[in-house]
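Taking the form predicted alone, here's one chain by itself in structure tokens.
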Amino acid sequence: MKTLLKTTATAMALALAANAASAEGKLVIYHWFEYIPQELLDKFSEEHGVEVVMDTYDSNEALLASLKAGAIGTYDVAVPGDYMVSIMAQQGLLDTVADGELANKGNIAPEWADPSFDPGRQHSIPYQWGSTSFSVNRDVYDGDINTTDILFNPPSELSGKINMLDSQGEVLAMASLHMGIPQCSTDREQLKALNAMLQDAKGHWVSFNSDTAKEVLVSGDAAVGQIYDGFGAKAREEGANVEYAFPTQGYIVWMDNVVLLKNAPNRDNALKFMDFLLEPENIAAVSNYARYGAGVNGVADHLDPALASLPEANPPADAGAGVFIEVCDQETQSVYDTIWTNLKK
């Protein structure tokens, strides 16, 4: 299901419906599209006697806008990316998970136990991690793809055949890598150059789509697609002759997380669900379905062996550095918001 930004009226209507049905047998999830197997939700429902309701979004920014438009109090948990966890916490949209409320918290892998975006995991647990780059159809182009020029200054074979994610964070972070400037630059000349570069690059793009990023590659409607590594792997496994790029300028890395939302109508069930996802067998089912990595110890025995050798998950030695999306101060962010708004016109 494709779910974009909800109006305040819709969000409030959902809130009333969820609150009316907030008895102990329900869990309301706000989740990325095509990212969790239904069988796993059914398993949780059966084990805990809980009815699971899920709504979806297609970007971190869409999640934030919907919650701020009135959906707080509608959902119990959501699955934001690393930088968005920090933003949501700053804006008072998250509840705190108290010590002892998650029996399986000790299963979190050490490298994800105390992240900068949620120190001490006060609000979240790790879900999946991976990268964002782009895939190229090798039937259309057989040249070097490990450069961000493919997106922003493409060869003629690819011009007009590029799909970009409809995600401000991913597009602008990749553009900053392409230009070799900070993600949160305050230099006026750098920002003017960034805006001009993007406006020029836009002429080479055919679409902005996140929820069909895989499908347009499989169908051939796009020859290049900015994409998450797991979606890139799925496109290839579904028959598209695509190769995932690791640009020398760098690429984006991310960690998605399950957060406990403020005013969760079914808080106890939210905590049960978070604990459920900290069990290795259960989170491994997400990895096997979505083709990403898990942030929990003990998953190896439950993973599809093919995951270890996915080309989308194994950067070559000459790849640029992977970087997380940064959180800018409010004044700087407003400039980037304007650049994005102008780009989408």
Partner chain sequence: MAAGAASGGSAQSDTYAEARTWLLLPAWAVLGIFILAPVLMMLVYSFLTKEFRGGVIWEFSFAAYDQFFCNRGLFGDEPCAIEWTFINIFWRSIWQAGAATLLSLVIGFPTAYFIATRPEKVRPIWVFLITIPYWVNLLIRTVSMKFMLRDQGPLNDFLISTGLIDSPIHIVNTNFAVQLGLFYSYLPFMVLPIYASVERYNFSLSEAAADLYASKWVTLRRVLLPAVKPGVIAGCILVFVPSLGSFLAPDLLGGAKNFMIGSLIEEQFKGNAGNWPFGAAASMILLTMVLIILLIFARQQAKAEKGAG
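Numbering follows the first chain given and starts at 1. What you are looking at is a predicted structure, and each value in this text was computed from that prediction instead of being measured.
Below, we turn to the form predicted together with the partner chain, even though it does not appear here.
J.: Which is the contacting stretch out of 98-106, 140-148, 117-125, 203-211, given heavy atoms within 4.5 Å of the partner chain in the predicted complex?
T.: Careful reading of the contacts points to 203-211.
J.: Let me test this: is every residue among Lys43, Leu261 and Leu278 within 4.5 Å of the partner chain in the predicted complex, going by heavy atom positions?
T.: Not a single listed residue reaches the partner chain in the predicted complex, so no.
J.: Heavy atom within 4.5 Å of the partner chain in the predicted complex: which of Leu172, Val253, Ala113, Leu191 fits that? Just give me the one.
T.: The residue from Leu172, Val253, Ala113, Leu191 that makes the contact is Leu191.
J.: Go through Leu303, Val286, Ala69, Val50 and name the one with a heavy atom inside 4.5 Å of the partner chain in the predicted complex.
T.: Result of the distance check: Ala69.
J.: Determine whether any heavy atom of Leu64 comes within 4.5 Å of a heavy atom of the partner chain in the predicted complex, and answer yes or no.
T.: Within the cut-off, so yes.
J.: Would you please decide whether Thr248 lies within 4.5 angstroms of the partner chain in the predicted complex, comparing each non-hydrogen atom pair?
T.: No - in the predicted complex, heavy atoms of Thr248 and the partner chain never come within 4.5 Å of each other.
J.: Using a 4.5 angstroms cut-off on non-hydrogen atoms, would Val323 count as touching the partner chain in the predicted complex?
T.: Answer no; every heavy atom of Val323 is more than 4.5 Å from the partner chain in the predicted complex.
J.: With a cut-off of 4.5 Å between heavy atoms, is Ile87 one of the residues that contacts the partner chain in the predicted complex?
T.: Ile87 belongs to the contact set for the partner chain.
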